[in-house]
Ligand code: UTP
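The chain that follows stands alone, in the form predicted alone, written as structure tokens.
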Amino acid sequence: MNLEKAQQILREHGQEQLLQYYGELDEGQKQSLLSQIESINFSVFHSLDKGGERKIGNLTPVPAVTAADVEHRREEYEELGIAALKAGKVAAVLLAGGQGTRLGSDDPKGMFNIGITRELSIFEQQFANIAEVTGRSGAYFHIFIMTSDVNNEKTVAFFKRKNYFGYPQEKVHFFVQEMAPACDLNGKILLEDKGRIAMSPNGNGGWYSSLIKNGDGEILSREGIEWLNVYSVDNVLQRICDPVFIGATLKSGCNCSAKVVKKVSPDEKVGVLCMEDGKPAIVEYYEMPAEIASIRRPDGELKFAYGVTLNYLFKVELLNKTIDKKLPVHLSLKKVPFIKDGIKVKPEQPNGYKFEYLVLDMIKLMENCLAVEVVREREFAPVKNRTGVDSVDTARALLVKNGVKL
């Protein structure tokens, strides 16, 4: 793209400020900035006009396999799941694009040391969980790890330094999450430097399109992989490619499934898996009306009881059919460093929006979804905060309860 074309595009979208320092840049910086402008998807800015408010449709409970059902049919489900793993039909996708900022670390979140008397990173603990599965099934599965521009180099170097935690290197694949520009509260795209647009990862919902863009779709098709188990780096008790989870999903005939826990209270801060207007959906805790969240069944249980743990199983065939469908864009109010009057500014208060696609919106495209309940104390130890709820302290306590030496 040349300067004249960039000026034309920016005029059309009211973003001429991106070229305000163009004359001060050297030739390499100019070409870099023009390339950045060429790559902007301006359609995401349409979400600013919608106010970001979600209208909730008619909600009904989702089909579910309870924890009691799982125990009753564990051997049957596990046999099905192990057969699928041995046949190479299942792979894993780790969403690890975030930083450990809220935990007080500048490193990738997965590198955070959850140990006390020994070094134990979140990555290492999750790979220890994986080792339990590979030990039972006798089969290694492919693991695709989604990083971001800000943490890819450190993440890859960490895995190499740790010898991939004993996992076969040829089965581990890294791909970088796509980025989206950040804007101020008036919708103007921010510059983080005179020749660099303020960019951020485009949310965990972009995982499949980023994976395909990276060329990893060739591995899926060559290896005959039919299912992808997508999970978050946040949870140190994640059970990845769990044969019981796989088997329950296969038995149900559903295109998608989600590991869920029973909410401890109506206002617990977890997304709720349910049916919305006849389609599977996840309603975030801040979107769920309080009067609906608190409805109870005759037996006293919450009507909408199942909170998601960000551990999903997706059918690849259906993912391929939905890859071109547009997911809704979510606005996230954040502190975005920017440049003003040639000086870098690090704001103390949220000053802009980041644009994100969320994996929860992919559930709606799957036609159906099975909730598979897991026991919270065994499989749900999120590490979101330094202290308090869902923190390093609570995760450590649950790890010890599950026999992990810290």
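What you see is a predicted model; the values in this text were computed from it and never measured. The first residue of the sequence shown is number 1, and the count goes up from there.
Below, we turn to the form predicted together with this ligand, even though it does not appear here.
Asker: Within a 4.5 Å heavy atom cut-off, is residue 146 in contact with this ligand in the predicted complex?
Answerer: Close contact exists here: in the predicted complex, residue 146 approaches this ligand to within 4.5 Å, heavy atoms only.
Asker: Does this ligand come within 4.5 Å of any heavy atom of residue 310 in the predicted complex?
Answerer: Contact with this ligand, yes.
Asker: Closest heavy atom of residue 217 to this ligand in the predicted complex, within 4.5 Å or not?
Answerer: Outside the cut-off, so no.
Asker: Are any of the heavy atoms in residue 396 no more than 4.5 Å from a heavy atom of this ligand in the predicted complex?
Answerer: The answer is no: residue 396 has no heavy atom within 4.5 Å of this ligand.
Asker: Taking 4.5 Å between heavy atoms as the contact cutoff, choose which of 322, 232, 134, 152 touches this ligand in the predicted complex.
Answerer: Only one listed residue qualifies here, and that residue is 232.
Asker: Only one of 237, 92, 95, 84 has a non-hydrogen atom within 4.5 angstroms of this ligand in the predicted complex; which is it?
Answerer: None of the others qualify; the residue that does is 95.
Asker: Could you tell me which stretch in 244-252, 197-205, 259-267, 289-297 has residues with non-hydrogen atoms within 4.5 Å of this ligand in the predicted complex?
Answerer: Of the stretches listed, the one contacting the partner is 197-205.
Asker: Just to make sure I understand: among 347-381, which residues lie within 4.5 Å of this ligand in the predicted complex, judging by heavy atoms?
Answerer: Sequence-ordered list has one entry, 356.
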